[in-house]
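This document starts with one chain, in the form predicted on its own, laid out as structure tokens.
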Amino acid sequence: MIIDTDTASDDAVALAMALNHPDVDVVAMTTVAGNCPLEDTTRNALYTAELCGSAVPVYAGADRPLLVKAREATWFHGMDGLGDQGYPPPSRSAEEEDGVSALINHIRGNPGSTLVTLGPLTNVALALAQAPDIVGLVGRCVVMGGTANKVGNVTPAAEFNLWFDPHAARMVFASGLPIEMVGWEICRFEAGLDAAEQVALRALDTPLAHFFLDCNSTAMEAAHRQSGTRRLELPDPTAMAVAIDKGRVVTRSSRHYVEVEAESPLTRGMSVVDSLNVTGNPVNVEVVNAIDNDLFKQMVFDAAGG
């Protein structure tokens, strides 16, 4: 597995799910600006790997979107991306190689790997532009991003990752990569950890259980202000669950033509899913429509050491 991430609170949980899973070999993590500036997403990825006892190489990638101005989500995740808990700096630094080159080299060196994207798709778009041959070398590309004709979380039409760099998202969705789209709607409602489940997670009393809850504290409050929920909603971990154990986790999916709007101010970053296949355009995305929420939650608990 190769992970591209704008590591903030929910990304950190997703990284731990992969790094702590006995059947997953994470060969590289690349970071991108998104939830917070690149310096912070890189630090947070390194810190999370350290908590998991992993020395996986981390590479810093793009520090801004391709064409639009960067507008981070520190209002949601905290100024440091991890709930402003005052975590110490990691004991190691990112690799010297840049994230885009690292994506290309690790995909070429590990044909058939699963590429999991947890943030804006800037690094992936740049890698595709430089090395279009990698399209045929990726076994699966699991994208946390977009919504399947549902409400957005940063505009009425768009989910944050695709909105942050819509031109990159448009390129990636049109690239021919074997995309599995896990939209923001998958993490909502019953998929979120309710109050009792949060108490049970805390009761595990492991460093990662406390980390999962504490680093998401700012995000939980922001989500409550935005939608009224008191659940801990974890979009990136839902995508990671799909990447790790798709056969059991995904209960319903469908294949469609999906395009990302990049130009319209009103619908910038919208993932337009041709649900009825009315355009006649060739299918390019497998859209995840539903997951086994109980199994997903168990995977989060397992990652925390439960």
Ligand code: RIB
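Just count from 1 along the sequence shown to find any residue number. The model shown is predicted, which means the values in this text are computed figures rather than measured ones.
From this point on, the text means the form predicted together with alpha-D-ribofuranose, which you will not see here.
- Message: Check for me: heavy atom within 4.5 Å of alpha-D-ribofuranose in the predicted bound form, for each of Thr30, Thr42 and Asn123, yes or no.
- Response: No: no residue has a heavy atom within 4.5 Å of the partner.
- Item | Options 86 to 94, 123 to 131, 202 to 210, 159 to 167; stretch whose heavy atom lies within 4.5 Å of alpha-D-ribofuranose in the predicted bound form | This holds for exactly one stretch, 159 to 167.
- Task: With heavy atoms only and a cut-off of 4.5 Å, decide whether Ser271 touches alpha-D-ribofuranose in the predicted bound form.
- Result: Result no; Ser271 lies far from alpha-D-ribofuranose in the predicted bound form.
- Message: Check Thr114 for me: does it contact alpha-D-ribofuranose in the predicted bound form (non-hydrogen atoms, 4.5 angstroms)?
- Response: No, Thr114 stays farther than 4.5 Å from alpha-D-ribofuranose in the predicted bound form.
- Message: Given that alpha-D-ribofuranose is not shown alongside this chain, does Thr218 nevertheless sit within 4.5 Å of it in the predicted bound form, heavy atom to heavy atom?
- Response: Contact with alpha-D-ribofuranose, no.
- Is there any non-hydrogen atom of Asn153 lying within 4.5 Å of alpha-D-ribofuranose in the predicted bound form? So Asn153 counts as contacting alpha-D-ribofuranose.
- From first to last in sequence, which residues of 75 to 90 have any non-hydrogen atom within 4.5 angstroms of alpha-D-ribofuranose in the predicted bound form? Stretch hits: a single one, His77.
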